[in-house]
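Take a look at this single chain, the form predicted on its own, given in structure tokens.
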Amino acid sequence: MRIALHYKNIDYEYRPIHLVKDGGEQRKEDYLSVNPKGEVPYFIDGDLKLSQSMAILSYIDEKWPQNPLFPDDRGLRSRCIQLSEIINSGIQPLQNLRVMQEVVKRFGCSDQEKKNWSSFWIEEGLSVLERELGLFKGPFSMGKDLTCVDLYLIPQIYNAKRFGIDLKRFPRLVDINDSCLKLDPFIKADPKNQPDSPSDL
């Protein structure tokens, strides 16, 4: 979401929610009173309150149409959503902190088993994206123009690196990542450039 806001040059107030500190700030009553699901990101625009990344990005794109995130063509727009959802629904939820904490709680997994679980879903999803995005030619996921897919892909590549995934198997994704990380919105949205970023990130 931060990438989209910077890409569209939208002024916003950033309120960090630490997912680990004190058992996770997303579990505190003051946050749950606003967002009962206790997830991030959460977006507030006046009286409108939205959770779920795709809903937020769709709203942002419609309200602030400059620098569009979705293609105008109906088929390409649907394809853009499909490719984004490979990450948003098919990779990210299976290896996020909340799921991994529950896996450990229920099955007593070791740190290595946790890593193996997460790595499996990341690599499976990236393999599909390597093939699918290879159908498009250009610096970005769907060709010459930045789209919503890039906003999902770059954070997932960042996460893949955290898990030690060998990205040499995904040259198309690496090229897209390199192209995006040269752009100001991605630089500004980088986790290490946030006011709450740990010094060792």
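Numbering starts at 1 and runs along the sequence shown. Since we're looking at a predicted model, the values are computed, not measured.
One more form of this protein exists, namely the form predicted in complex with another copy of the chain; it is left out here, but the text below deals with it.
Heavy atom of each of R74, I86 and W121 within 4.5 Å of another copy of the chain in the predicted bound form: All of them do, each having a heavy atom within 4.5 Å of the partner.
Using the partner position in the predicted bound form, report whether Y158 sits within 4.5 Å of another copy of the chain, counting heavy atoms only. Although another copy of the chain is absent here, Y158 would stay clear of it in the predicted bound form, with no heavy atoms inside 4.5 Å.
So in the predicted bound form, does E102 come within 4.5 Å of another copy of the chain, heavy atom to heavy atom? Although another copy of the chain is absent here, E102 would touch it in the predicted bound form, with heavy atoms inside 4.5 Å.
With the partner left out here, check for me: in the predicted bound form, does some heavy atom of E132 sit within 4.5 Å of another copy of the chain? E132: yes, in contact with another copy of the chain in the predicted bound form.
In the predicted bound form, does E29 come within 4.5 Å of another copy of the chain, counting heavy atoms only? Flag for E29 set to no.
Using the arrangement in the predicted bound form, list in sequence order the residues of 50 to 84 with any heavy atom within 4.5 angstroms of another copy of the chain. Going through 50 to 84 in order - heavy atoms within 4.5 Å of another copy of the chain in the predicted bound form - the hits are L50, S51, Q52, M54, A55, S58, Y59, E62, K63, R74, G75, R77, S78, R79, I81, Q82.
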